[in-house]
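Only one chain comes next, encoded as structure tokens, the form predicted alone.
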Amino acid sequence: MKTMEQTMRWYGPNDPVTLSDIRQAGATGIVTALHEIPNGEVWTKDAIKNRKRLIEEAGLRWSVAESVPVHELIKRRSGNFQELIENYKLTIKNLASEGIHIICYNFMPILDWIRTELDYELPNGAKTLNFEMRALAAFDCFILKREGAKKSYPAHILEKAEIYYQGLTTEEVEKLKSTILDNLPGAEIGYSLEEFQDALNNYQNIDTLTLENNLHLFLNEIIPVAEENNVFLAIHPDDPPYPIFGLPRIMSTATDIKRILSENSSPNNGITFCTGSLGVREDNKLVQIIKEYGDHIHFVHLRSTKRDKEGNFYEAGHLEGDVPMYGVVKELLQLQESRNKQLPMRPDHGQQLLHDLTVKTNPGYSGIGRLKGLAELRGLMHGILNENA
């Protein structure tokens, strides 16, 4: 058996974590996207070729395209969504022509992954990403003042949210707004408060069943292109994996995975197995999900979160928290052997440690924190592979 392919996410030439840093961390593959291309436009062959050249000159390979964003108009099937789908098909073809055959994407409405605090301090002085329901409810009910927002939260959370909000300074209110609305790494765009409310209004008539069907119709169109070009599509789970701001969520549970794979039953239709996103829900049994849907796992994000019963969680160390990482990694290595196909994995997110604390980094994507995570996961993989030697 081999270890999984060890990769790291890179945000392009302006990323403070360089390709040289990533290679020194021990990774051999790069997970990246052409973030400078506006959402919905075609990734040209030349643009892909130029980015690939930079990666290969650094002694690495472009393993996964993460993410090729799905435009909001496609999710809602409005406006010129058909033209945007055609652009998506052409991007798939262009990536394949340059040897990139795994595409990670998501179908989350409006916002990508959300946290309420980007610099939550741990007892050891490291900092990490944090999500608190009271902070989300405070933003939703008392800052955004979304119509009907208070119906989305139980009474005890609302009470905590109001107390929390009343204790915020003007600066802290602005920081919370920025944390939720500004585009985090990998997100499509950032929003002002007014723009965000307008975006929510566009989803007033789109419920869970409608969004599920819109994903199904989108996959109907792009899967044949993926099949023709030997490209494997890997949808990322919702983060966090439950409804927020009254928006539907359709990739949060094992039931959602089953629906997505059964409605479009192609080997090229698959998932990004993100232990952090799925692991926030206690009812998601991660090892069992691998056993049931392993043939459709095309890409792996390994991270762990520490959750509580109210939906709060923070990004724990990669071998800590609530994710049964030993069991998950062992099952993934067995899956890889049975498929005779190496899986790309990356240490997803990382705490700010040591030098990370003194320099500007992308939230969740500091260099030393991810190096630590990759080293831990590499050690775990080698331990599993040699435990019966």
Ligand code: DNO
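Please read these numbers as outputs of a predicted model, since none were measured by experiment. In this text, residue numbers run from 1 along the sequence as written.
The form predicted together with the named molecule exists for this protein as well; it is not shown, and the discussion that follows is about that form.
Distance criterion of 4.5 Å from any heavy atom to the named molecule in the predicted bound form singles out 105 from the list 203, 153, 105, 120. In terms of contact with the named molecule in the predicted bound form, the residue from 131, 232, 113, 139 that brings a heavy atom within 4.5 Å is 113. Contact between residue 356 and the named molecule in the predicted bound form is not found at the 4.5 Å heavy atom cutoff.
Taking the partner from the other structure, the named molecule in the predicted bound form has no heavy atom within 4.5 Å of any heavy atom of residue 63. Although the partner is absent here, residue 352 is not a contact residue: none of its heavy atoms lies within 4.5 angstroms of the named molecule in the predicted bound form.
Residue contact check for residue 9: one or more of its heavy atoms lie within 4.5 Å of the named molecule in the predicted bound form.
Considering the named molecule in the predicted bound form, the lone stretch of 51 to 59, 335 to 343, 320 to 328, 66 to 74 in range is 66 to 74 [heavy atom distance within 4.5 Å]. Contact annotation for 297 to 326: a single residue, 301, has a non-hydrogen atom within 4.5 angstroms of the named molecule in the predicted bound form.
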